[in-house]
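Starting off, we have a lone chain in the form predicted on its own, written out as structure tokens.
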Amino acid sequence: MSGQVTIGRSHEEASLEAAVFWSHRAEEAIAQRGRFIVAISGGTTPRRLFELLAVSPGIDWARCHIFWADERMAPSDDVISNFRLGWDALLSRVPIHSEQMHRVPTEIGDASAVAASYQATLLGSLSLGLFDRPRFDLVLLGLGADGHIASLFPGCSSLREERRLVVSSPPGALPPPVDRVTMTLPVINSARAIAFLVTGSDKADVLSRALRGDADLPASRVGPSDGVLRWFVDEDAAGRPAERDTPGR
């Protein structure tokens, strides 16, 4: 486990630092490759980040494509849906077209069928060959109190998946108790940049373990094979006061 850690004095400041990083990565990707391809996660932590992005100047939303690193098997308008969070806090508030939002189709069947369909979406939307892996410009992750990332939970067989891009996952130990669909570690680690946003004193212990590389935690397996890893955390999660850090690319 490696990567630069930026500590904000509060959830608000950590979210703002992460928003600046997102904006820089988007600007760079669009300048170099003509579009910005990002995978986002859900949970409660990124809501403020999404709200900040919705009012951030200079992001060319017409060239952004949004995917979901994981999703809960629930209707897209359900309060537990990761899509619902992204829509309410960000996507409904920016000039982005529906075809640029690549939602996990939870309505089509069981989690295995949904995972297969979303893998096909990745391949088709990104013009990939059958054995190619997508290379996201940014993957945004949270950190569960049990060390899970996306919907890859401790001890889950999906952590060992090397071939498939998207798999189904049973409920973890944390709520809500629903089946999930998740991108796999090889997809996440192929990203050009991965950003964690971690806040709150309840995450202090697991964050410390993850940064030390605790092998029992899925988060400790995250590390871009050829890219940047950043951690945006607040003082409560870090367990120490913030050190001033200039927002970087």
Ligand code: 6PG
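Residue positions are given as counts along the sequence shown, with the first one as 1. If you're wondering where the values come from, they're calculated on a predicted model, not measured in any experiment.
Note that the form predicted together with ligand 6PG isn't included here; everything after this is about it.
Just one listed stretch, out of 109-117, 160-168, 129-137, 145-153, contacts ligand 6PG in the predicted complex at the 4.5 Å heavy atom level, and that stretch is 145-153. T44 is the sole member of S208, S201, Q32, T44 with a non-hydrogen atom within 4.5 Å of ligand 6PG in the predicted complex. Heavy atoms closer than or equal to 4.5 Å to ligand 6PG in the predicted complex belong, across 174-199, to one residue only: R180.
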